[in-house]
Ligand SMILES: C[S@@+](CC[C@H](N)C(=O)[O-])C[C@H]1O[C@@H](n2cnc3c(N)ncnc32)[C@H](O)[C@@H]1O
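First comes one chain, alone, set out as structure tokens in the form predicted alone.
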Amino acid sequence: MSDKVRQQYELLPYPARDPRDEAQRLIEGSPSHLLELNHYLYAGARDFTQPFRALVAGGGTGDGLIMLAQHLKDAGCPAEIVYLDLSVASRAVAEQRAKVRDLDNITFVTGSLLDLPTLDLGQFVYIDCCGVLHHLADPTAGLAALTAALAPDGGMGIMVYGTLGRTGVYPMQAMLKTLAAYAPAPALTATNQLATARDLLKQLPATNWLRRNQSIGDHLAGGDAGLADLLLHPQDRAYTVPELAELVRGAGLEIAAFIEPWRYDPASYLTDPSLLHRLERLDPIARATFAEQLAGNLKRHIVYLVRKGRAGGAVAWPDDGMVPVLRAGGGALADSLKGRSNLKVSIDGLEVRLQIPPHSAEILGAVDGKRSIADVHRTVGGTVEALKSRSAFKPAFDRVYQTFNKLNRLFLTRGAA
């Protein structure tokens, strides 16, 4: 990673975070949510009473780090998480956030992920690399370094920028470089560059692609750090789904899951049976590519990765012994579904309505993170006549699971969560 990239994050650590806020809330997201990574990398069977070594490569100000560390602490897991980042300023923010939460399962290291071969940090069963590879001069070398540090049965959660959802960003970056090239030397301070970016944003015509792009509001609302990361970054690129798949294949890895899964499914956007029928034969990457082209607003790609040949056995699938677990707020979700036939989902300027399978409220209402699918059947079957028999319950549960897993709300484990 270049000196200019390091300098940007020393000056403006991203995302901007106040460690005092940790006393009020835990920021949760993807990748590295413990339910997610267990579901998609370990078929729901990871035993978190056993040691767990994780690397957060390019940890920044600590969002993924703090979430993962807190989840592992709450699970009573004897974990060691290694935080690695070039920026001393970013590390200081992450360390303070960990201190507020009294998290003692983190080891902080300053350095580049490209230095992993010489840092002698050992191997990891899980690696988080969120928003880093696309800032490297050679992302292929970066992913190769991470793969070399991955345990044979381990997995990764990564995020890279998405090309179509960032429409308008790169022309804007080019315009700002042009303006900087013709500015007098004293004007080339970070403060003046940010002011120039804001001035230009105000003057964008209605036809400008960035102005029309509804996907990037989070960056623009992120203060100086967010604006600089979006428009003034000295080195970044974006990926389409096929380009990401090629990067992953080159490292000897494969994609186990896209997050959120519904966004990479053409059926989330299309209702015409003849169109959907023609897409049925597509492999998962081709389907995800079609969905990306269709939606047009995927500004980032979050994927879970495993070593080549392992993806089919890495992801959890329902059987009677599995324990379904809802993401936080599951009880409210079940209540909100009563009497409804569809669910409105709004994200990045797009609104879709997804069909709610019959009996979703009753089935999800019985999911408590402790009952197995068989126990959920006994609970629901005692009150819903139509679901008393297993032959009726199993397909009903599978439809509910498929819908709410795609929405990133429902996961499976081999034991109580």
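All values derive from a computational prediction rather than experimental measurement. All residue numbers refer to positions in the sequence shown, first residue = 1.
One more form of this protein, predicted in complex with the ligand, exists but is not displayed; see below.
Residues 86, 130 and 229 are all found to lie within 4.5 Å of the ligand in the predicted complex, as judged by heavy atom distances. Contact annotation: of the candidates 172, 143, 136, 288, the single residue with a non-hydrogen atom within 4.5 angstroms of the ligand in the predicted complex is 136. Although the partner is absent here, residue 81 lies well away from the ligand in the predicted complex, with no heavy atom inside 4.5 Å. Not displayed here, the ligand is kept clear of residue 44 by more than 4.5 Å at the level of heavy atoms in the predicted complex.
Contact check for residue 393: every heavy atom lies farther than 4.5 Å from the ligand in the predicted complex.
Contact annotation for residue 112: at least one heavy atom lies within 4.5 Å of the ligand in the predicted complex. The stretch in contact with the ligand in the predicted complex, judged by heavy atoms within 4.5 Å, is 53 to 61, chosen from 347 to 355, 367 to 375, 53 to 61, 385 to 393. Heavy atoms closer than or equal to 4.5 Å to the ligand in the predicted complex belong, across 7 to 35, to the residues 9, 14, 15, ordered by sequence position.
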